[in-house]
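Taken one at a time, structure 1 and structure 2 that follow are two forms of one protein chain, written as structure tokens.
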Structure 1
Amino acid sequence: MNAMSSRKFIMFGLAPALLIYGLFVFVPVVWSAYYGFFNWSGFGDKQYIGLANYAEIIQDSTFWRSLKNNIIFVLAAVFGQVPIALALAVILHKNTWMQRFLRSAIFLPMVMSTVVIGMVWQYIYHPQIGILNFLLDAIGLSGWKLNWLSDAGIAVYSLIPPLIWSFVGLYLIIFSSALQNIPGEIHDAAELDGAIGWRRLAYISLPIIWTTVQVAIILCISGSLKSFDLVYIMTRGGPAHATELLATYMYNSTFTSYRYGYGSAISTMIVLISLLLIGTSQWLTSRKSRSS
């Protein structure tokens, strides 16, 4: 193969991928940083206002509440999804039809549209026709009935079960295959040394799959930052911004309040915050694995 033609092939072959990816993933990130310096309603002239949008963000209580809700989601994913998925992976280790059926069922929400998932859970929580309140009535706990999604104090926590329900299957399968990849000899050796049951899980299995757990935690963090659809469908960020996430707040600022500059500044903050969170989690989990 002569060098000229393979050079041409390299350039020609990489061009479409670089172009589409650059234009629709990379350019927007750079542009949102740029638009963040302007006061702009989306129509007409942009007015350069320097760091004013960012200064406003820092003092904006709704922004901080959105960030807090995002962090609640991340924590629920890391301390809810991951342990539940690990427990299920340990319990559902056999290949009987029952266990295979349950694994598939738990994974099923992963292939469904979040719109439908959000709507189903909206019905479950509905104050008048929701099956959750019907259920509480039926078992004599009518006093526990709540306005699950319209009570500002609890709405954000009501979003956690659907969140876990939708994504736990992914982590279950990740952990299941990691556990299955542990060679049988290691377990035999552990057994000879007297490590059985919980002790084997804690001292042998978990340390071996710890890197998988690390990956899962990073996935949880980046995944939780992506929960725009579920929140938008179920609450639109309300009531009174109680369930606002950074992404829904960005959406509402831009397309409901027509503040494109401010919305762009929030986009930039989302990129920075998610990089910061992923970096921190990587640092934390790698430190933990070194010390153990």
Structure 2
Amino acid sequence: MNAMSSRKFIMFGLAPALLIYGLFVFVPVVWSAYYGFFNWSGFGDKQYIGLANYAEIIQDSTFWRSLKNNIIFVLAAVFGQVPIALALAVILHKNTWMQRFLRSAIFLPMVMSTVVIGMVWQYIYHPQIGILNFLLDAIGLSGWKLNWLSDAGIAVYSLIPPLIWSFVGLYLIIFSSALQNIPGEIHDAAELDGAIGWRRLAYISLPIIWTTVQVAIILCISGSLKSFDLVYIMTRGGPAHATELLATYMYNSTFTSYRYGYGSAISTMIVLISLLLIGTSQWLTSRKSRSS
């Protein structure tokens, strides 16, 4: 089979997946961007208003608060999930039965329903019967007891532990697979040169799997910017928009306030912000890899 035939065969094989992706991902994004130029309640005629929805977004304090909360989520994911998962992957690198069990246990939240995860953490944070306040009482730190999800000052930060706990297992599996694909001869040669422990990770393993780390960072950013279900289950964006995210604000604007045009404009902004942050992260990580 020559090169031209190989390319045709590959395109023929990819065509069904690309068609489905285009219909259910790309087309809705384009339609959403189109609706962002209209004032529309979801029913009846649409009124073309140009960039009025986007002008309103710029002046909307709730939008900027939602963006700030999303940035907090992105930073928590990138600097929480990725380092923790990488450390766990190094610690649980060997293939003993105990380490396999621990990897499976850490991955377990990934196969659980988000509704269940949200309800579990709601009980953990419950001000009267929650295990967190109970433990603070038990160790003599009653003064630290708080209304974790109803205090506007700390509510968004209370969502970070369940966010990290829910997805760290995914990156653990990704990093474990990347580390296991490093040839053993490289580790043997590094050990002969005196590179052991964290020095081997920093100077040998991490540069080799750096492209995997870049992919994990992209997944963290995109996943954090479209976070919805966990926050909606636990706080619904409250209290007083303290935990509002771009996705929950888009949902409330569209399906609660029936401002489909405005909600579509917000969704378009989410896509643009995602592309900006992912592009910036790729530029920064590429600079690091070139300077290494």
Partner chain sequence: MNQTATAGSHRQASGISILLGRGKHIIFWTILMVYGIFTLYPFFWLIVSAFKSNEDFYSHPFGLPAQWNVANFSQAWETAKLDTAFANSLIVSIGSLVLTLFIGALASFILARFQFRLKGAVFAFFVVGMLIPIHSTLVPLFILMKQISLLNTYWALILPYTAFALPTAIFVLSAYLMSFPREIEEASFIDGTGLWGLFFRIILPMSLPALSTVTILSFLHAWNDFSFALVFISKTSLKTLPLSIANFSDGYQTDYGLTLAAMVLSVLPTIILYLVFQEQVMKGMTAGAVKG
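Definition used throughout: the rigid core is the maximal C-alpha set that superposes within 1.5 Å between two forms. If you're wondering where the values come from, they're calculated on a predicted model, not measured in any experiment. All residue numbers here refer to structure 1's sequence, counted from 1.
- Each structure shows the same chain on its own, and structure 1 is the form predicted in complex with its partner chain.
- Once the rigid core is used as the reference frame, the Cα position of residue 40 differs between the two structures by 2 Å or more.
- With the core held fixed between the two structures, residue 58 has its Cα displaced by under 2 Å.
- Annotation: Cα of residue 27 displaced by at least 2 Å between the two structures, core superposition.
- Core-superposed comparison between the two structures: residue 17 shows a Cα shift of 6.9 Å.
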